[in-house]
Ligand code: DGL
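This document starts with one chain, in the form predicted alone, laid out as structure tokens.
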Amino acid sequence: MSTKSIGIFDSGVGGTSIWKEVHALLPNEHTIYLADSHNAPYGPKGKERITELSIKNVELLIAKDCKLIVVACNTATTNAIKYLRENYKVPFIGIEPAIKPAALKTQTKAIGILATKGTLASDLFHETTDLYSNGINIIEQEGEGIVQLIENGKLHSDEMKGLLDIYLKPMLEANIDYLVLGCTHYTYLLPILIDMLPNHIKIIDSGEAVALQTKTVLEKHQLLNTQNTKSKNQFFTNGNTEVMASLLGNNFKVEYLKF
């Protein structure tokens, strides 16, 4: 089992930001990444449809003999991971907005959360915000249109900057000192956001924490690959292979797969 692959899926290319953290921490591990770009974004689709898409992705990764599955999508985690854990034996790693560290560390008592509609509307998101929102002003902002622009190769476009100007304005007016990114696609916005935001505002995503949790769960289930061999990393998308390849870099091949 220990030499089998870690499976990772997302509603598109955004979860490659999670894959990079997992690969950096666990370079010996083989990985299979699945980008369901054809159905991106998951955010507006509703819990039932998000769960259906998550099941499809999980069953494909299980068919490819994955030993553990990382749900590298905030929307899929917050809407479907409870069902997945109850219905499949493989261990799952989820991802949700890092509200807790932002709420505990804020000095201005105001934090911003940029996330998808599906994440912001989910029960899991509301449970988390209720736990840590006492005395904290939480400015929630749906990042409508951001995922589509990234999936279409328009990460550094004027259109993207225009959307971010609109979405950040109420957060800046509320004097936030932490911005939580609640979608793995949004990690690719970091250089743009750093340029747009005042220096005192700290940006939090969940990539490193997910990688650490992946290692912890592999160790717990005695699934760590202890062989010192070169890892095999496979990337599949039902969308634009060139967009995904541009985010990964030239060393990795992206294959089109209809699913």
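Start at 1 and count along the sequence shown; that's the residue number. Just so it is clear, the structure is predicted and the values come from calculations on it, not from any experiment.
The following text describes the form predicted in complex with ligand DGL, which does not appear among the structures shown.
Asks: Can A102 be called a contact residue for ligand DGL in the predicted complex at 4.5 Å between heavy atoms?
Replies: Because no heavy atom of A102 falls inside 4.5 Å of ligand DGL in the predicted complex, the answer is no.
Asks: With the partner left out of view, is V147 within 4.5 angstroms of ligand DGL in the predicted complex by any non-hydrogen atom?
Replies: Yes - in the predicted complex, heavy atoms of V147 and ligand DGL come within 4.5 Å of each other.
Asks: With ligand DGL left out here, work out from 196 to 204, 24 to 32, 41 to 49, 213 to 221 which stretch has heavy atoms within 4.5 Å of it in the predicted complex.
Replies: Selected stretch: 41 to 49.
Asks: Does any residue in 3 to 27 get within 4.5 Å of ligand DGL in the predicted complex, counting heavy atoms only, and if so which ones?
Replies: Contacts from 3 to 27: D10, S11.
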